[in-house]
Structures are given as C-alpha cells and as structure tokens.
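So this first bit is one chain, no partners, the form predicted on its own, shown in structure tokens.
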C-alpha cells in the first residue's frame, strides 16, 4: 500500500458497502474472518509504540453517543465514525452504526472508505478473543454470555473458534433475543454436538459453571448485570458493553476481585468499568501483556477482567484487513472523492464555469 505509486490520473478510492463486507465474510467464512482479524489486531498491539494514539472524541446526547476514533502509524492514518444509540431498535435501526477511512500519511490520499457496522462487530469479537487467549485459563470451555443483541453471535463464534468454548449459557432480559442468538448459531451448522447452548432465565443461572463471562449489554446506564458474589476463582470476565461515561455493566466489587486489563488507559478511565473506581485504581494495558512486559494470568485461581471499550487501533487493523481482502477478492467499487486536476494549483478551473457567468457592471447612482 505504498502511496508513492499514486498519480493524479488515477486518484480512486475503494468504497466498501455493507453488502461488500458481508460478501467478504461469506467468501472467507466466519472462522477464517475472525482468526485473521484477531491475528492482525494482535500484531498491531505488538507494535503499540509505533502508533500515534489518542482517546476518541465523543459527543453525548440524551439518546446516545457519536464518536470519532483516529489513529496513525508512520504510513497510514485511519478513523472511525461510530454511534451508540440503544433506543434505535425501536426505530428499526441498529444500536451501533459505523463507517471509516484509511489514508496514506505522506499524501493524505484516502485509500478506503468503508461501512464498519459489520466490521466493528467482527473486530470487537476478535479483540475479546485476543485478550482471552492471554488472560483466560487455557482449559476454559464454558462461557456465560449476558446480553444477546446484535453483537452476541460474533462474540459466541470468536470464543467457539478461537478459544475452544463448547458450552454457552445465554441470558437476556428480552427472551426473544436469546432465541434469536440460538437460532442463528444453529442455522450456520453449530448443532448440539458442536456447541451446547442453554437459554437461562437469569444471569445468576447463566454464570453457574462458567469459566468465562462475557457481558455485552446495550443499556445506557450504570447497570449491574450480575451480583459480585457470583464471581468464582479462575473466572475470566470479558466486559464489553460499557463504553461511555455513565454506562457500565459491572458492580465495582467485581473489579476488586481480580486484576483489570484495558486497551488504552486514558480512554478507559473515562468510558470503561473503571470509571467507577478511584483514579489510582491499578490497571494493565493489554499490549504490555502481549509483548511480555507485564504478566497476564498468574494462577489458575486468579480472576481476570478485560474492561473493553473498543480502541482505534482495532479499527485501524480492521480497515487494513478489509482493504486487503477486498482487493484479493475483487470486491468494492472505485470512487472519485477528490477532483482530478491537470494543474494541481488550478482548483477553480476544474469547476468548468467558462461561459456560464454573465458580465455585470456596478452602477453608481449620483
């Protein structure tokens, strides 16, 4: 993806629609999509110090949040525009919608514009798996999945394919959401012999026997999706739903029962579960574990908590992934989002206004 190959005669940007993203996933298959997405995310976390990072910019309203997530390395810049509006489901809209761009640093030329709603669900699940591989017990086979909405299938499949989870205890305050999740997993071929799916009447029952607990609820409030007393030694808690000020899922007492790991501490202090804790509450950034600079799980009985809010590095990785796959598969369309100029200094002339304007004279009346 060298920008030096660009000439003014072919300034085309690849555009990927939601249909293109879906086709990429269908052609690759969900297993390979999640596996390869997880690998590029892990690889970029290993190069953490090569990135120019900042917490995302957010605008909050009574109904939700709209965020801009920028990041760059020495060659590429990316951003994601994303919203979170829990009430959207009543309007027939997704709770989360996103789009993003990938550009060359040395020219600012935009290589890719892409829908990122599907892609965000994929990269969130892949990131959960990357963290769990480093933090969960290797013998974890049972996961409780609390919150069975739009991203739940992606989380379930990431842990099935990448961590070997074979038993899924699911709970949602909306029973229809749990039925939807079970139906979708069965529809792609995961029968009872592959993945034992148990719809539970409560979060308490879902946690019984669980090695991993994933919470991915959408409620825009300070929730407590399960009692702290239900945490057992050796659990890995993957807290995904809390991702903005005032939006949490875990009782603060849960955070005190184990070590807490985060993506980018300055952002998570504002948006994550740890917003409930004192400013000096200790956390470890995930990249330090992946690079061996900090320990992950230190014993089979230790409780680990991944306080995931979503970070721009993951979207950077996802955009690179989709760009490469779209080119390999011949998907997407080329669009011109910047004018092609014969003379780069003559922007006005490119409007083609010749012979379109009339000559008028100002008359001063005495």
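Quick caveat, the model's predicted, so the values are computed rather than measured. Numbering follows the first chain given and starts at 1.
Only in words, not in the display: the form predicted together with a small molecule, which the text now covers.
- At a distance of at most 4.5 angstroms from the small molecule in the predicted bound form, none of the three residues 139, 181 and 236 contributes a non-hydrogen atom.
- A heavy atom within 4.5 Å of the small molecule in the predicted bound form is found for one listed residue only; from 165, 216, 207, 132, this is 216.
- Comment: the small molecule is not present in this chain, but in the predicted bound form one of 197, 270, 177, 103 has a heavy atom within 4.5 Å of it, namely 177.
- Heavy atoms of residue 169 never reach within 4.5 Å of the small molecule in the predicted bound form, leaving it off the interface.
- Although the partner is absent from this view, residue 308 contacts the small molecule in the predicted bound form, with a non-hydrogen atom inside 4.5 angstroms.
- The closest non-hydrogen atom of residue 151 lies within 4.5 Å of the small molecule in the predicted bound form.
- For residue 78, no non-hydrogen atom is located within 4.5 Å of the small molecule in the predicted bound form, even though that partner is not displayed.
- In summary, the region of this chain contacting the small molecule in the predicted bound form, judged by heavy atoms within 4.5 Å and restricted to 187-195, 156-164, 87-95, 103-111, corresponds to 87-95.
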